[in-house]
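Okay, here we've got a single chain as structure tokens, the form predicted on its own, with questions on binding and movement later.
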């Protein structure tokens, strides 16, 4: 066998061709969630799309970059402006990363009880943070962010992740096509959690355009008093303007304890250390799978779990589960 030709060999980019960090967003891998096999029919496969591999560490890199990109194209974001947004953490981290890369200051409003790890990551990106009441969750951050914007509207560019269709557009343009390609068009069910709802809206819309048979399943906490950081219980929350419930086939409520248990299970058995929203998504995917004899389910795994190691997910709940298991 002869060696590879010069044309086939990897080529180093010139300085002008070098990638920016935003050019690395997307094209995340999918893995089979093998630890679930015994709980579902042999003809059913559950794949996780591992969004923690995005720069910034979460699925929110996709929407954050599309929101900023559209802002730059429209010149709503221009030199002298500060990017201002409310966030429960991941979108803020993505915006801070993008702002640092493009040279724009970033100011974020977030609940004071977000994890220590998220706060430190934002400090590393040199983002300014303003904390809202921990008792009011993401809704409190939304309200405070609106007040800050109203005080000096000319100073800020607000991507408005909860209401801008550019959020869901990011997933229509990237996440949906990737899943269709990675499954060879065999995907039968999409399962994704509801925070802003951009992921499930945009990805679901693309997949349904490819096949009307694809079922879109949205996952939310089962009640308003929950510990699944980043997710919204729609009936008790400020509803995002981009949430269109008529476009999903099913909404599944997941208990906090079940979501946490799934996080532990996936870490111990599949080597996937994920956040609690991903645990909730997989619980929902498993519920969908139990009703099937065949199918290809793709569940969005929003981020990795290393940004939650200081939270009750590990410090409180896990200890109690270990004590119960040892009795």
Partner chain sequence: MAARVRIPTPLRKYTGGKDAVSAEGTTIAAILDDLEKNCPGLRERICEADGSIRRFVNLYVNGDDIRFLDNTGSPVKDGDEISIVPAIAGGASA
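Positions refer to the first chain, counted from 1. Since we're looking at a predicted model, the values are computed, not measured.
Just so it is clear, the following notes concern the form predicted in complex with the partner chain, a form of the same protein that is not shown.
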In this chain shown alone, the residue from 209, 257, 128, 249 with a heavy atom within 4.5 Å of the partner chain in the predicted complex is 257
Which residue among 231, 122, 109, 106 has a heavy atom within 4.5 angstroms of the partner chain in the predicted complex? 231
Would residue 113 sit within 4.5 Å of the partner chain in the predicted complex, counting heavy atoms only? yes
Just to confirm, residue 261 within 4.5 Å of the partner chain in the predicted complex by heavy atoms? yes
Is residue 188 close enough to the partner chain in the predicted complex to count, meaning some heavy atom within 4.5 Å? no
Since only the chain is shown here, I'm wondering whether residue 183 would be in contact with the partner chain in the predicted complex (any heavy atom pair within 4.5 Å). no
Only one of 196 to 204, 235 to 243, 212 to 220, 153 to 161 has residues with a heavy atom within 4.5 Å of the partner chain in the predicted complex, and that stretch is 235 to 243
All three of 136, 227 and 315 touching the partner chain in the predicted complex at 4.5 Å, heavy atom to heavy atom? yes
